[in-house]
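To begin, one chain is listed below as structure tokens, in the form predicted alone.
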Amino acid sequence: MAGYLRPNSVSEALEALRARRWTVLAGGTDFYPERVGKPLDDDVLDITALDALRGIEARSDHWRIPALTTWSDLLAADLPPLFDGLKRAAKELGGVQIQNVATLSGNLCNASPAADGVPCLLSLGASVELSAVDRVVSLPVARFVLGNRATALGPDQLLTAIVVPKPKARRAYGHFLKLGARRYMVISIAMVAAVAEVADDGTIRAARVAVGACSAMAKRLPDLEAALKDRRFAPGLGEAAVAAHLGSLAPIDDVRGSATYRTDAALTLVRRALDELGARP
């Protein structure tokens, strides 16, 4: 490595980022595999010892998920059914060893089109907290991830937390489905995350549906979300989804699947995810 620093506090980390450009290391489960067979010539800012960036908090109108929250931390957390989709993604993200060290924020900052966490966070309406020495700004996940391996994170900024707003409805449910060449520990061919906020009369007050691995970045489906609003929350929700709702996606051909296959698979996954979501008691 060209340089290595392990700060003792968040403020020390932010001062380091203001002084020079660093590659921030959280879990390292993306960082190291990408550099197999290559010299480690990055200047690494290792934030893994910053306990201030751990511990999920439920606040008055949101949940705060600090930057060093691992997928295992998420699975162990006492969270409502709104988070069921994100927890389901956590179970399918690598093996237990990876889940124990990989972080949600790292998955987000890596900004892979196939990052399992991104569609889930989009469906949750999540935002990110970006901290610098002299400011803290909030940015919706949809504006933070800009494309394949591209984010809005500035060179002097550290993603310090993911913030999930509490739903206005008393009942809210999340779901997640992914398609890969096998059941676990696989890069997604297509994936879908969905959230439904259910009014007291049993109708859908708000819905958010996002598709990943079918564009340079995961995308929500606003036309489908509008079609789901005010529908009865019940089995058969998937019938609301039609091919036109996926028109904003731009899947590619690669070794895991063709663009045509991805498009067909995404529609099937969307319908299945909505059917399974609507079957919740």
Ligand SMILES: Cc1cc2nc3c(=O)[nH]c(=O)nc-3n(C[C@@H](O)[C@@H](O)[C@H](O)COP(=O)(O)OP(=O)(O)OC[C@H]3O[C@@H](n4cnc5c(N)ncnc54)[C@H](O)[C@@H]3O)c2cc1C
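Just so you know, these numbers come straight off a predicted model, no measurement behind them. Start at 1 with the first residue shown and count on from there.
Another form exists, predicted in complex with this ligand; not displayed. Remarks below refer to it.
Here the chain stands alone, but in the model of the complex its contact with this ligand, taken as any heavy atom within 4.5 Å, falls in 31-39 among 31-39, 218-226, 56-64, 245-253. Put simply, His175 is far from this ligand in the model of the complex: not one heavy atom of it is within 4.5 Å.
Not displayed here, this ligand is approached by Val24 to within 4.5 Å at the level of heavy atoms in the model of the complex.
Looking at Ala115, you'd find a heavy atom of it within 4.5 angstroms of this ligand in the model of the complex. Proximity of Asn110 to this ligand in the model of the complex falls within the 4.5 Å heavy atom cutoff. Within 4.5 Å of this ligand in the model of the complex, a heavy atom is found for every one of Gly94, Ala102 and Leu158. Listed residues Ala142, Ile98, Leu179, Ala199 were compared with this ligand in the model of the complex; Ile98 is the one with a heavy atom within 4.5 Å.
Screening Leu153, Ala77, Ala132, Ala206 for any heavy atom within 4.5 Å of this ligand in the model of the complex leaves a single hit, Leu153.
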